[in-house]
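Single chain ahead, written as structure tokens, the form predicted alone.
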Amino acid sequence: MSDTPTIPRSSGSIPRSSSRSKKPKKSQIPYAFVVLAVITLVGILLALQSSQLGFFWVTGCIFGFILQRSRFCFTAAMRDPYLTGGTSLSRAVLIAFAVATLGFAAIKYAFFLRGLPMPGESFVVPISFATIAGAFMFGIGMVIAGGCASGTFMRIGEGFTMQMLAVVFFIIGSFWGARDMGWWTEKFIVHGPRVFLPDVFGWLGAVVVQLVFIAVLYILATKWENRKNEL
């Protein structure tokens, strides 16, 4: 057995990784001014061609900014309760549905009272097997891609390359769907019933039924999150 003493390693030695000085983060403010200038220039050019184009550009930029800052995503609202148990986004979506219900009901009812065609009336389409099949395929696709249409475009602005690939297939799927739309309409869609809640419950009843349904979902989402936190 060797009698050579073992020299202990100093406990105060500094790890190599921590001894390296961190590089200061580059300021993003100059890039922000450049982007703002480009957005303003494009908005002016579009407004000179058409005031409607300019309005769409401004509202689109505002909507994209709100989406990015709030991380608002329909995919996460449906996915997070199962993966993480969190329902904050789910409840935010439900609140948005409730506000939209009141706003759109008021707009449509105003047109109804004046005997004018209601906005969005053409979007009351029949419920059929195509609805179920489309919802199923879209649900699988948006979970694999990590976002729905709005979330995908928002993340492209953040530089996510996977979302860029998702948009390519999003466009391919849209063209493919448009190509086969006639077949789906003839075989399934036209045979389904059209459901417009004011025709069933009346205008006030339709609003009450929808708001109650949203409130029930909101309560269930809250209970689900509390239950997951207790486990």
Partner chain sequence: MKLRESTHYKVWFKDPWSYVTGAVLLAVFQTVTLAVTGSPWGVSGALANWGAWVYRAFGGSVDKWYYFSSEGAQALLDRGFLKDPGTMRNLGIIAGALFAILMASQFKIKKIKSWKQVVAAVLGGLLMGYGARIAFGCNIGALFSGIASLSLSGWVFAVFLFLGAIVGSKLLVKFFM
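Residue numbers count along the first chain shown, from 1. A quick note: this is a predicted structure, and the numbers were derived from the prediction, not measured. Each form is matched to the other, and the largest set of C-alpha atoms that superpose within 1.5 Å is called the rigid core.
The following text describes the form predicted in complex with the partner chain, which does not appear among the structures shown.
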{"query": "The partner chain contact in the predicted bound form: residue 112, any heavy atom under 4.5 Å", "finding": "no"}
{"query": "The partner chain contact at residue 41 in the predicted bound form, heavy atom, 4.5 Å", "finding": "no"}
{"query": "Any non-hydrogen atom of residue 26 within 4.5 angstroms of the partner chain in the predicted bound form", "finding": "yes"}
{"query": "Residue 220: touches the partner chain in the predicted bound form, heavy atom cutoff 4.5 angstroms", "finding": "no"}
{"query": "Members of 40-76 lying within 4.5 angstroms of the partner chain, judged by heavy atom, in the predicted bound form", "finding": "46, 49, 52, 53, 55, 56, 57, 59, 60, 61, 62, 63, 64, 65, 66, 67, 68, 69, 70, 71, 72, 74, 75"}
{"query": "Threshold 2 Å Cα movement between this form and the one not shown at residue 54, rigid core reference", "finding": "yes"}
